[in-house]
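Take a look at this one chain, the form predicted alone, written out in structure tokens.
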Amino acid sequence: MSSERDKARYPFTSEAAEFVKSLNIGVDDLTSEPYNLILKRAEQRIRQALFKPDELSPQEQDPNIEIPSFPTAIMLMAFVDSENTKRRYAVAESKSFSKKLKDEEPEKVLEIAKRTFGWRIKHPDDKTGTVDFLLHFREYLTNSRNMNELKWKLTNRYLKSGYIQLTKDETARLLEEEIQKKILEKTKHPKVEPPKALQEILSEINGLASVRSTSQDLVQTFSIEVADMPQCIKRMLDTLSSGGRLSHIGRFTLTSFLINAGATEEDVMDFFKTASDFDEGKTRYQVEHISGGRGGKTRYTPPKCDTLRTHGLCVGPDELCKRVKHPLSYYKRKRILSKRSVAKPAQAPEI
């Protein structure tokens, strides 16, 4: 059985849901004492998830507030118009849970995976090395499909009798995907009007969503033309602006492309701050290293198109893609074509 501390730390679990159900709190109750504290905490969760995801952490002092604040926040997010904002919220919450799970004992991780999500998961009969769990390949494939790093490809995993070997950290990462899907499913826009008692706070939350600039908006502020970028780079921008994640090579490609297209280190830092999993220290080190400000002072360029295809990052190639071998070559040629198009005088209409 989970303790109240566990339910507060992991309010997405089935045990936490039963606890909330036992409280028998109605929507209208949330605006009155003492339940309005739940509503305030739910709004705080949303603010932290959207603007300061690293500060998103459980407040275990009062489980009667902390545990129901999670489903309350999800209910509020369901009435938000922006799908990108919903995804940012889901990513931030799931990532915060994943970090905590990595610090838990394996038994706790196993319990959550089996009881809440019904995973076919077990400990190995003879634990050796870093292997903590054996997970059925179906659950593995379902939750690793959005992971682009080569280590997550099924062909690169040890598979025996339908089960895949995992470390505790890898299992927590897969649970992060499962939690994110669960949150997004529950934030689907309801077919009913929002309760009148919540109109004011919903207006505030929608206001928070509207002040979040998209990644493409930020790129435009430092004079890089999104319209002239190759489709692979546009997809990376869209992924981040919708709250998604990029693989390591995806981040390297995007950073080196922006730097070589004319962005400064600070421009790129400001851009990556829109990502829900932004880590300032790690990001700054990587940006400075790629731009030549650290290490061997070498400015790196993005991988060639062949390499991007190998890693599954080449998407929707157009006619110009067929004539170039590098994303920067695409951008330079497209910029020339765009300038020629603007400079070309308009023809007089026929009489």
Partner chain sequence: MSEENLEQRTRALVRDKFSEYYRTNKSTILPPPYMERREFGFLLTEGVMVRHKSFKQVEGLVSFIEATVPSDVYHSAAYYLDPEAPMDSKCWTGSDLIFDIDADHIDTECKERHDRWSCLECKATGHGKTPKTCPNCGRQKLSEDTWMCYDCLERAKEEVLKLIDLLNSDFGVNHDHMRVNFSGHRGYHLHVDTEDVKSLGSEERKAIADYVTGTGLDGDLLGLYDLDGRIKIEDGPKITDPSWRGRVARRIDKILFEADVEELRSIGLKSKMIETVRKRRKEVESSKDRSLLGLIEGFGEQTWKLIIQRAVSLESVGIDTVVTTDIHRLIRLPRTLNGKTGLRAMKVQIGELRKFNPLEQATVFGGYETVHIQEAPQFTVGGEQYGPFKDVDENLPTAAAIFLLCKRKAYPVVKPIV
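Only the largest set of C-alpha atoms that superpose within 1.5 Å between the two forms is called the rigid core. All values derive from a computational prediction rather than experimental measurement. Residue numbers count along the first chain shown, from 1.
Beyond the structure shown, there is the form predicted together with the partner chain, which is absent from this document and is the topic of what follows.
> Check each of T264, T130, T142, S203 and return the one that places a heavy atom within 4.5 angstroms of the partner chain in the model of the complex.
Exactly one residue meets the criterion: T142.
> So the partner chain isn't shown here. In the model of the complex, which residue out of T298, T310, S57, S32 has a non-hydrogen atom within 4.5 Å of it?
Selected option: T310.
> Of these, 256-264, 152-160, 183-191, 110-118, which stretch puts a heavy atom within 4.5 angstroms of the partner chain in the model of the complex?
Answer to the contact question: 152-160.
> With the partner left out here, check for me: in the model of the complex, does some heavy atom of K99 sit within 4.5 Å of the partner chain?
Taking the distances in the model of the complex, the answer for K99 is no, it never comes within 4.5 Å of the partner chain.
> Looking at the partner-bound form in the model of the complex, is F252 within 4.5 Å of the partner chain by any heavy atom?
F252: no, not in contact with the partner chain in the model of the complex.
> In the model of the complex, does R138 have a heavy atom within 4.5 Å of the partner chain?
Output for R138 is yes: heavy atoms within 4.5 Å of the partner chain.
> Determine whether any heavy atom of S82 comes within 4.5 Å of a heavy atom of the partner chain in the model of the complex, and answer yes or no.
No, S82 is distant from the partner.
> Given a superposition on the rigid core, I'd like a yes or no on whether R251 shifts its C-alpha by 2 Å or more between the shown form and the other one.
Yes, shifts by 2 Å or more.
> On a rigid core superposition, would C321 pass a 2 Å threshold for CA movement between the shown form and the other one?
Yes, its C-alpha moves 2 Å or more.
> How does the CA gap of R88 and V315 change in the model of the complex versus this form, closer or farther, if it moves 3 angstroms or more?
They are closer; the C-alpha distance drops by 3 Å or more in the model of the complex.
> Compared with this form, is the I249-E139 Cα separation smaller or larger in the model of the complex, the difference being 3 Å or more?
Residues converge in the model of the complex, at least 3 Å closer.
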